[in-house]
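A single chain comes next, written as C-alpha coordinates; it is the form predicted on its own.
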(Lines give C-alpha, C1' and ligand atoms only; values in the text may rest on other atoms or scores of the structure.)
Protein backbone atom coordinates (compact mmCIF):
# COMPACT_ATOMS: atom_id res chain seq x y z
CA UNK A 1 0.00 0.00 0.00
CA UNK A 2 1.34 3.43 -0.89
CA UNK A 3 2.45 5.84 1.84
CA UNK A 4 2.75 9.58 2.33
CA UNK A 5 6.28 10.18 3.59
CA UNK A 6 8.51 13.12 4.37
CA UNK A 7 12.10 13.49 5.36
CA UNK A 8 14.99 15.85 5.72
CA UNK A 9 18.69 16.03 6.37
CA UNK A 10 19.07 17.42 9.89
CA UNK A 11 21.84 18.73 12.13
CA UNK A 12 22.39 17.28 15.60
CA UNK A 13 20.62 20.31 17.06
CA UNK A 14 17.55 19.72 14.89
CA UNK A 15 17.86 22.15 11.98
CA UNK A 16 17.24 21.43 8.28
CA UNK A 17 18.72 24.82 7.31
CA UNK A 18 20.95 27.19 9.20
CA UNK A 19 20.30 30.89 9.91
CA UNK A 20 19.43 32.77 6.71
CA UNK A 21 19.21 29.55 4.65
CA UNK A 22 22.86 28.71 5.42
CA UNK A 23 24.57 25.42 6.21
CA UNK A 24 23.46 23.36 3.23
CA UNK A 25 27.09 22.58 2.31
CA UNK A 26 27.56 21.02 5.75
CA UNK A 27 24.19 19.25 5.86
CA UNK A 28 24.59 17.62 2.45
CA UNK A 29 28.24 16.52 2.55
CA UNK A 30 26.98 12.93 2.65
CA UNK A 31 25.61 13.44 -0.89
CA UNK A 32 29.15 13.35 -2.21
CA UNK A 33 31.24 11.24 0.16
CA UNK A 34 30.69 7.76 -1.22
CA UNK A 35 31.40 5.43 -4.12
CA UNK A 36 27.85 4.60 -5.26
CA UNK A 37 26.41 6.99 -7.82
CA UNK A 38 22.69 7.68 -7.89
CA UNK A 39 21.74 9.43 -11.16
CA UNK A 40 19.92 12.75 -11.31
CA UNK A 41 17.20 13.55 -13.85
CA UNK A 42 17.78 17.30 -13.39
CA UNK A 43 20.06 19.12 -15.83
CA UNK A 44 21.02 21.46 -12.95
CA UNK A 45 21.69 18.89 -10.21
CA UNK A 46 24.61 16.48 -10.54
CA UNK A 47 24.30 12.82 -9.51
CA UNK A 48 24.89 12.10 -5.84
CA UNK A 49 27.67 9.74 -4.71
CA UNK A 50 26.89 8.11 -1.39
CA UNK A 51 28.20 5.24 0.69
CA UNK A 52 26.99 1.72 -0.07
CA UNK A 53 24.99 1.70 3.16
CA UNK A 54 23.21 4.96 2.27
CA UNK A 55 22.60 3.81 -1.30
CA UNK A 56 21.05 0.57 -0.01
CA UNK A 57 18.34 2.65 1.64
CA UNK A 58 18.04 5.67 -0.65
CA UNK A 59 17.87 3.90 -4.03
CA UNK A 60 14.86 1.71 -3.15
CA UNK A 61 13.12 4.70 -1.59
CA UNK A 62 13.61 6.75 -4.77
CA UNK A 63 12.41 3.81 -6.89
CA UNK A 64 9.25 3.45 -4.78
CA UNK A 65 8.38 7.15 -5.14
CA UNK A 66 5.72 8.05 -7.69
CA UNK A 67 5.30 11.78 -7.07
CA UNK A 68 6.54 14.65 -4.92
CA UNK A 69 4.72 17.48 -3.16
CA UNK A 70 6.70 20.69 -2.69
CA UNK A 71 5.88 24.30 -1.89
CA UNK A 72 6.34 27.24 -4.22
CA UNK A 73 9.28 28.49 -2.13
CA UNK A 74 11.35 25.36 -2.82
CA UNK A 75 10.28 25.34 -6.47
CA UNK A 76 11.49 28.93 -6.89
CA UNK A 77 14.62 28.50 -4.76
CA UNK A 78 15.84 25.61 -6.93
CA UNK A 79 14.79 27.32 -10.18
CA UNK A 80 12.49 24.33 -10.78
CA UNK A 81 15.54 22.04 -10.77
CA UNK A 82 16.19 23.10 -14.35
CA UNK A 83 12.90 21.61 -15.51
CA UNK A 84 12.88 18.14 -13.93
CA UNK A 85 13.28 16.99 -10.33
CA UNK A 86 16.45 14.91 -9.71
CA UNK A 87 14.28 11.94 -8.61
CA UNK A 88 12.74 11.81 -12.11
CA UNK A 89 9.11 11.95 -10.96
CA UNK A 90 6.28 14.43 -11.41
CA UNK A 91 6.41 17.23 -8.83
CA UNK A 92 3.16 18.67 -7.48
CA UNK A 93 3.72 22.29 -6.43
CA UNK A 94 1.41 23.84 -3.84
CA UNK A 95 1.18 27.54 -4.61
CA UNK A 96 -1.13 30.53 -4.31
CA UNK A 97 -0.63 31.34 -8.00
CA UNK A 98 0.58 29.30 -10.97
CA UNK A 99 3.87 30.59 -12.47
CA UNK A 100 3.35 32.69 -15.59
CA UNK A 101 5.82 30.57 -17.56
CA UNK A 102 3.86 27.34 -16.89
CA UNK A 103 0.33 27.79 -18.24
CA UNK A 104 -0.34 24.03 -18.35
CA UNK A 105 0.53 21.04 -16.18
CA UNK A 106 2.80 18.41 -17.73
CA UNK A 107 4.74 15.29 -16.75
CA UNK A 108 7.31 17.44 -14.92
CA UNK A 109 5.17 19.82 -12.83
CA UNK A 110 1.57 20.02 -11.66
CA UNK A 111 0.35 23.12 -9.80
CA UNK A 112 -2.31 23.05 -7.08
CA UNK A 113 -3.78 26.14 -5.41
CA UNK A 114 -6.45 24.58 -3.16
CA UNK A 115 -4.34 23.58 -0.13
CA UNK A 116 -2.30 20.67 1.18
CA UNK A 117 -5.09 18.07 1.05
CA UNK A 118 -5.72 18.81 -2.64
CA UNK A 119 -1.98 18.70 -3.38
CA UNK A 120 -1.59 15.30 -1.71
CA UNK A 121 -4.71 13.95 -3.43
CA UNK A 122 -3.36 15.06 -6.82
CA UNK A 123 0.06 13.56 -6.05
CA UNK A 124 -1.55 10.23 -5.09
CA UNK A 125 -3.37 10.20 -8.44
CA UNK A 126 -0.07 10.77 -10.23
CA UNK A 127 1.84 8.25 -8.10
CA UNK A 128 -0.61 5.37 -8.55
CA UNK A 129 0.51 2.52 -6.29
CA UNK A 130 3.82 4.21 -5.45
CA UNK A 131 4.61 6.49 -2.52
CA UNK A 132 4.17 10.25 -2.33
CA UNK A 133 7.10 12.19 -0.85
CA UNK A 134 6.40 15.55 0.76
CA UNK A 135 9.48 17.75 0.52
CA UNK A 136 10.13 20.84 2.62
CA UNK A 137 9.45 21.83 6.22
CA UNK A 138 6.34 23.90 5.55
CA UNK A 139 4.73 21.13 3.48
CA UNK A 140 5.71 18.50 6.07
CA UNK A 141 4.15 20.55 8.88
CA UNK A 142 0.91 21.06 6.96
CA UNK A 143 0.71 17.33 6.15
CA UNK A 144 1.33 16.30 9.74
CA UNK A 145 -1.29 18.77 11.04
CA UNK A 146 -3.81 17.46 8.49
CA UNK A 147 -3.22 13.84 9.56
CA UNK A 148 -1.95 12.89 6.10
CA UNK A 149 1.58 11.75 6.95
CA UNK A 150 2.47 8.06 7.38
CA UNK A 151 6.24 8.08 7.79
CA UNK A 152 9.10 10.47 8.59
CA UNK A 153 12.74 10.04 7.61
CA UNK A 154 15.64 11.87 9.21
CA UNK A 155 19.15 11.93 7.76
CA UNK A 156 21.08 12.94 10.89
CA UNK A 157 24.48 14.50 10.20
CA UNK A 158 27.27 15.31 12.67
CA UNK A 159 27.11 19.10 12.61
CA UNK A 160 25.61 21.73 14.92
CA UNK A 161 24.13 24.78 13.15
CA UNK A 162 23.07 26.75 16.23
CA UNK A 163 19.79 27.99 14.76
CA UNK A 164 17.70 28.11 11.62
CA UNK A 165 14.73 26.19 10.28
CA UNK A 166 13.32 23.00 11.82
CA UNK A 167 11.55 20.21 9.93
CA UNK A 168 8.04 20.87 11.21
CA UNK A 169 8.44 24.56 12.08
CA UNK A 170 5.73 26.01 14.30
CA UNK A 171 3.65 22.84 14.52
CA UNK A 172 0.15 23.60 15.75
CA UNK A 173 -0.93 20.21 17.10
CA UNK A 174 1.61 18.86 19.56
CA UNK A 175 2.78 16.54 20.86
CA UNK A 176 2.88 14.07 17.98
CA UNK A 177 4.09 10.53 18.67
CA UNK A 178 5.97 8.24 16.32
CA UNK A 179 6.59 4.48 16.25
CA UNK A 180 9.97 2.95 15.66
CA UNK A 181 12.48 3.51 14.45
CA UNK A 182 11.39 1.19 11.66
CA UNK A 183 14.85 1.55 10.07
CA UNK A 184 18.29 2.67 11.24
CA UNK A 185 21.11 2.74 8.69
CA UNK A 186 24.61 4.05 9.40
CA UNK A 187 26.04 5.66 6.30
CA UNK A 188 29.26 7.62 5.94
CA UNK A 189 28.75 10.97 7.67
CA UNK A 190 25.01 10.35 8.14
CA UNK A 191 22.66 8.16 10.15
CA UNK A 192 19.35 7.39 8.44
CA UNK A 193 16.33 7.06 10.74
CA UNK A 194 12.78 6.12 9.73
CA UNK A 195 9.70 6.48 11.95
CA UNK A 196 5.99 5.76 11.47
CA UNK A 197 3.46 8.38 12.52
CA UNK A 198 1.39 6.99 15.38
CA UNK A 199 -2.29 7.26 14.42
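Treat the numbers as computed from the prediction; the structure is a model and nothing was measured. Numbering follows the first chain given and starts at 1.
Absent from the display: the form predicted in complex with another copy of the chain. The rest refers to it.
The stretch in contact with another copy of the chain in the predicted bound form, judged by heavy atoms within 4.5 Å, is 161-169, chosen from 53-61, 161-169, 35-43, 66-74. At a distance threshold of 4.5 angstroms between non-hydrogen atoms, residue 177 is in contact with another copy of the chain in the predicted bound form.
At the 4.5 Å threshold, heavy atoms of residue 26 reach another copy of the chain in the predicted bound form. Interface membership of residue 193, defined by any non-hydrogen atom within 4.5 Å of another copy of the chain in the predicted bound form, is confirmed. Among heavy atoms of residue 148, none comes within 4.5 Å of another copy of the chain in the predicted bound form. Contact annotation for 1-16: residues with any non-hydrogen atom within 4.5 angstroms of another copy of the chain in the predicted bound form are 10, 12, 13, 14, 15, listed in sequence order.
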